[in-house]
Structures are given as C-alpha cells and as structure tokens.
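One chain follows as structure tokens, the form predicted alone.
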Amino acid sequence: MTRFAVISFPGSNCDDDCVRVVNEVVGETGYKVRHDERTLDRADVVLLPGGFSFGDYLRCGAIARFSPIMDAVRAFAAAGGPVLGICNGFQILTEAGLLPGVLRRNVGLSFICEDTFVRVEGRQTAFTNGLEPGSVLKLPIAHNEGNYFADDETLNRLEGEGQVVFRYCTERGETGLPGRPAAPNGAARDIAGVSNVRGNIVGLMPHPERCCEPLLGGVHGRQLFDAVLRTIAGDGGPL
C-alpha cells in the first residue's frame, strides 16, 4: 500500500478530505501528520492540504513554513519524494521556497468558490504522469489568495523549463481570449499550478480531492492521485 502523509496545520480544513479520498476512493493508506511532528512516518507521498493555516496571519502560508514538520518535508522532497500542495498547501510551498512565485489576493479582492477548467501543461511531473498534454480537467477552486505572481524573468524560465503544470482555460482548453481572462483570480499567464525543476513537487490552487467521486460532481481530480501512483510504481514520470 502506498502511504500518503497529509500534513495538518492549525487551520487546515481539507486534511480530512484528503485522507478520506486516499483511503476510501483511491484505496491506499492516508494518514494525518501534525504540524509539530518531525517525521513523516515512512511516507511515500506527502500532501499539504487546503485551509487557512495559522489563520493566514501575516500572509497565507507565511507562518506554516516554520512548522517543525516542514524540515521533514524539505528533506523528503530533496530526496525526490513526491509532494503535492493544494490551495493553502501551494501557498505554503511558495513561502517555504520549495516552489517559485507567490500567491496574492484575488484580483477582485473577494473570495472565489466555483468550478474551473485547467489545461495540463509543461513536462510530466509526479502528479501528471500519464496525463495527456493539453487535456482539460474540471476542478473546483475556493480561495481568496490564488492570484499567482512572479516577475517576467521567472515566468519566462518556468515556461521554458516546462514548470507551468496547470493553466486556467475555457471548457474547450482556450486561453488568452481577448477580454476574457481564463484565470478568475487574475493569476499571471493564467497559471493554476507549477512544479519545481525536478518535477517531484507540484502546487496548484484547484482542489483535486474535492473532485474524485461522481456524487461530488466529477472525477477529474482522481487523475492526479492515479498519476502519482504510476510514478511510485516506476511507470514513467520524472522520479
């Protein structure tokens, strides 16, 4: 059984969702690891879930990056272990310097909760292993600070290195339409998710764990969990 460690910070509210999906939908082993622990208990995959870690004081993810467990997450990632940051987890990964860029307030300065479409981009990562480039996933978002930002030099490097993993788009996969930005939050270049150079760390604002069962309106999120299982099994992927 593949072991998924789900990091639980004060204010996390999607940690139980992630554990449930891993255990009851994907059929693997999911368990929570508290923010003040120092080991990942033989994890094969690490998930940083959504929520409002430490109340999003200072900046979203700014305090969580100093949690004791983050040293173990850094070591796990440095050894090539697959790490996925979802929403607040993505914010934590950028604050910790494990992913480039920052997440700023949404362009409308309001919380957004809706279904979005994202296009699979770039080169394959631990969590897009086997996904067809250009394919479109329908995934929900729920955030106030999902506006991805980086300077032009960084954005050009991410594009050139294939580190833009997901991009907001229309249902038909379109981006860059005149007067119709695909990113509801104002994200630079419609970026919804990025990876590190190695491809074992991925962060995205949409919530795949909320879209793994037909009862919840879709199953596209399941593809990310299946992808990392292929990676762990050695079936393609960057690791």
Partner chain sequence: MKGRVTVSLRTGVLDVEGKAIGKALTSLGFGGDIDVRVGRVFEIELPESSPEVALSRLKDMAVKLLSNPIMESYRLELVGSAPGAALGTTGT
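Numbering follows the first chain given and starts at 1. Keep in mind that this is a model prediction, so the values were computed, not measured.
Unshown form predicted in complex with the partner chain; subsequent notes refer to it.
By the 4.5 Å heavy atom rule, the three marked residues A62, L109 and F149 all count as contacting the partner chain in the predicted complex.
Among the residues R123, R104, R157, K138, the one placing a heavy atom within 4.5 Å of the partner chain in the predicted complex is R104. Contact annotation: L177 falls outside 4.5 Å of the partner chain in the predicted complex, judged by heavy atom distances. Comment: 95 to 103 is the region of 95 to 103, 165 to 173, 71 to 79, 130 to 138 lying near the partner chain in the predicted complex, near meaning a non-hydrogen atom within 4.5 Å.
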